[in-house]
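Presented below, as structure tokens, is a lone chain in the form predicted alone.
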Amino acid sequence: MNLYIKTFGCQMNERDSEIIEQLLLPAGYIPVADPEQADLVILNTCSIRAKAEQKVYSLLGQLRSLKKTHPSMIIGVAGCVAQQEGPRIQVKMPHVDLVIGTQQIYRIPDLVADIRSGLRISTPGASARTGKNVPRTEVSLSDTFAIPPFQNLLYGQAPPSPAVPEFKKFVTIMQGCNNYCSYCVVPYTRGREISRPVQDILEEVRLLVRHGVREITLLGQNVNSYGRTNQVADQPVNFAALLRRVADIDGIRRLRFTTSNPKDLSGELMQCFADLDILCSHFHLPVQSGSNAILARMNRKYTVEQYMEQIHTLRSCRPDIALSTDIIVGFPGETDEDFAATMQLLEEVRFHSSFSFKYSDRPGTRSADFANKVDEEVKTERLKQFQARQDEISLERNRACLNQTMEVMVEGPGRNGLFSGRTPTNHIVHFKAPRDRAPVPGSELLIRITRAGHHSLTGTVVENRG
């Protein structure tokens, strides 16, 4: 049987999609790139912004006609939209067979098998055979960590995910969030913050390394607060300590992590950038706004001055560090002066890149009820202005790389006959393959940069480091 997964949103969702593939492999589901070839379609959704949710419903509408020609196809919705909307999805889209929340994905094989066999579980111990797909909705949240320890046994046995190259992997270290930023649905869609046991994380990383993984990215909604909300070992371990223990595992060539909240960024963690050679010199630190008034309304619990102090400390710990961020423009009550403060912050930090978005109301969040909403035209103009300046700065940053020799980890073939890879600073580099052989994904090359664009670099191979 064939499985098609469409992933929306963040790296957390990419990791969840990979887990879903691994869970369904023993049941005989093989990933395919075209939903028309699929027996099971799963949309792994994101609801952080209204546009992402709209894309989900648009695709579900397109799948309606596909299911008419393929009635045995099972269509499932997973992720944050599933958690947020629950059975309302099936009211809007009756052709959806399964709605599964963020903490219930480990039940997908059993739920799909129940649907496939026509079993309808009405009460514990009771069932009825209907002869057709019966919609199921599972969106409960737990106060214990969702990943069962036996899940580690699956790693390395599944075929490579189409979305995630085999030489690098995400490792989830925590779930949920306790911050309750006024605009964010994550605490409601992924639950309260829970840290994964240290030994489970280390065991998974060791297993991945034994199967040839060379780059590890530790994942959490707010990795900086790892270990604060529950006992994760005989002795509490914070994120900086966990990072050092992971870095000590032989075989890892590169170590990354995401995402961080500035309010929990410790000096101990920043010092890791100075002490750990394999910790990549790239840090994504979402600031969201350059205005203290807006940060307070967002409930971010830090000030611009505190954020700038962290930037200075990071650059003193790792002078070559590349910084990226998230920006929301047009938050309720944002004035011209507030937006000007955001532009000033951009000029002072000169981020290498950023993800910037127009504010949109999300169901159940405090900011959805805030007054003084910013006009859509104003939000659009502000976003355009911010992104234009960021593009200029990104190009200036990239041009500073010209004629430098940079270490690049190969990701694979790219466009126009070129290969691509990434530097420790997360720059994308395009290059021609050496004449003697094509580079292997995960291998490392020294590349001299000959061209700089807004979003990537181009260069020539100087040395193959294997």
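Residue positions are given as counts along the sequence shown, with the first one as 1. The structure displayed is predicted, hence computed values, not measured ones.
The same protein also has a form predicted in complex with a small molecule, omitted here; what follows describes it.
Stretch-level contact analysis of 307-315, 283-291, 237-245, 86-94 against the small molecule in the predicted complex, using heavy atoms and a 4.5 Å limit, identifies 283-291. This chain lacks the partner; the member of 136, 352, 254, 300 within 4.5 angstroms of the small molecule in the predicted complex by a non-hydrogen atom is 300. Shown without its partner, this chain lists 169, 196, 382, 362 as candidates; in the predicted complex, only 362 has a non-hydrogen atom within 4.5 angstroms of the small molecule.
None of the heavy atoms of residue 98 is located within 4.5 Å of the small molecule in the predicted complex. The closest non-hydrogen atom of residue 205 lies beyond 4.5 Å of the small molecule in the predicted complex. Proximity of residue 82 to the small molecule in the predicted complex falls outside the 4.5 Å heavy atom cutoff. Under a 4.5 angstroms non-hydrogen atom cutoff, the small molecule in the predicted complex has residue 358 among its neighbouring residues. Every residue in the set 221, 260 and 326 has a non-hydrogen atom no more than 4.5 Å from the small molecule in the predicted complex.
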